[in-house]
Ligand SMILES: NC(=O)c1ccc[n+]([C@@H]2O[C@H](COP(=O)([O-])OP(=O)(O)OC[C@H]3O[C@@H](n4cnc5c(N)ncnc54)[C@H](OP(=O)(O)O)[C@@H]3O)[C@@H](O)[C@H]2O)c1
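Just one chain is shown here, as structure tokens, and it is the form predicted on its own.
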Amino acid sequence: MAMTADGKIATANRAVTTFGSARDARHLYELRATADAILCGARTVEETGATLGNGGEIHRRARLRRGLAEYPVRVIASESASISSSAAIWQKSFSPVVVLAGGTASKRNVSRLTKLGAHVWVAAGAEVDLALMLGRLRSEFGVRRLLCEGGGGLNDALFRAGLVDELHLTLCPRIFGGRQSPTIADGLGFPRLADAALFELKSAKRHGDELFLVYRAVRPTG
């Protein structure tokens, strides 16, 4: 995730969702080249026009050197399975698209996405069971390393489920402000300090006016 100095990942009206440097964009693709699959929320996919590709020939070769497929499996979290049929991701067929939907998703939406070529996995309960779905991604698609690119609601759900091993965070020299501006972890959040997801700083590098931070999850020992 890239965020402004005041912790925002987009402007309040979401008109601006990309603001990092060219170096930050390269870092994103470098991370993609290490992952079997990429996970994004439906709104993020729609608003950014993402197709969740490999980033080009250099990164395609890097994937092959690591023994990965040329393109990552593309995973979209869409609780209502309502992601638009006109989203850019449907225009590219280079790798499978898996949609993680909640149990309240309409049969019409599920059918519509299936016709677009997606594997639609509907949860037994109203909400997507992320731990169960990640296990299924491993068993059915061989996914061992997954990269999540937001948005904030999906990130929050992953943090609360204890499913984040590492956080790559680019701190950008901008201020967006706005109490409605999204952050890297929106959603329900943690009600108590004792419940908060805990991380330790693994590395910090400066490139120009940006800081590239990597945090590693600290797991409870008790």
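No experiment lies behind these values; they were computed from the predicted model shown. All residue numbers refer to positions in the sequence shown, first residue = 1.
The form predicted together with the ligand exists for this protein as well; it is not shown, and the discussion that follows is about that form.
Asks: With the partner left out here, check for me: in the predicted complex, does some heavy atom of Glu47 sit within 4.5 Å of the ligand?
Replies: Result yes; Glu47 sits at the interface with the ligand in the predicted complex.
Asks: In the predicted complex, is there a heavy atom of the ligand that lies within 4.5 Å of any heavy atom of Ser82, even though the partner is absent here?
Replies: Flag for Ser82 set to yes.
Asks: Indicate whether the ligand has at least one heavy atom within 4.5 Å of a heavy atom of Phe19 in the predicted complex.
Replies: Yes.
Asks: Are any of the heavy atoms in Gly53 no more than 4.5 Å from a heavy atom of the ligand in the predicted complex?
Replies: Residue-level check for Gly53: no, no contact with the ligand.
Asks: Exactly one stretch in 66 to 74, 53 to 61, 151 to 159, 29 to 37 has heavy atoms within 4.5 Å of the ligand in the predicted complex; which is it?
Replies: Of the options given, it is 151 to 159.
Asks: Relative to the ligand in the predicted complex, which residues of 1 to 22 have a heavy atom no more than 4.5 Å away?
Replies: Heavy-atom contacts within 4.5 Å come from Met1, Ala2, Ile9, Ala10, Arg14, Thr17, Phe19.
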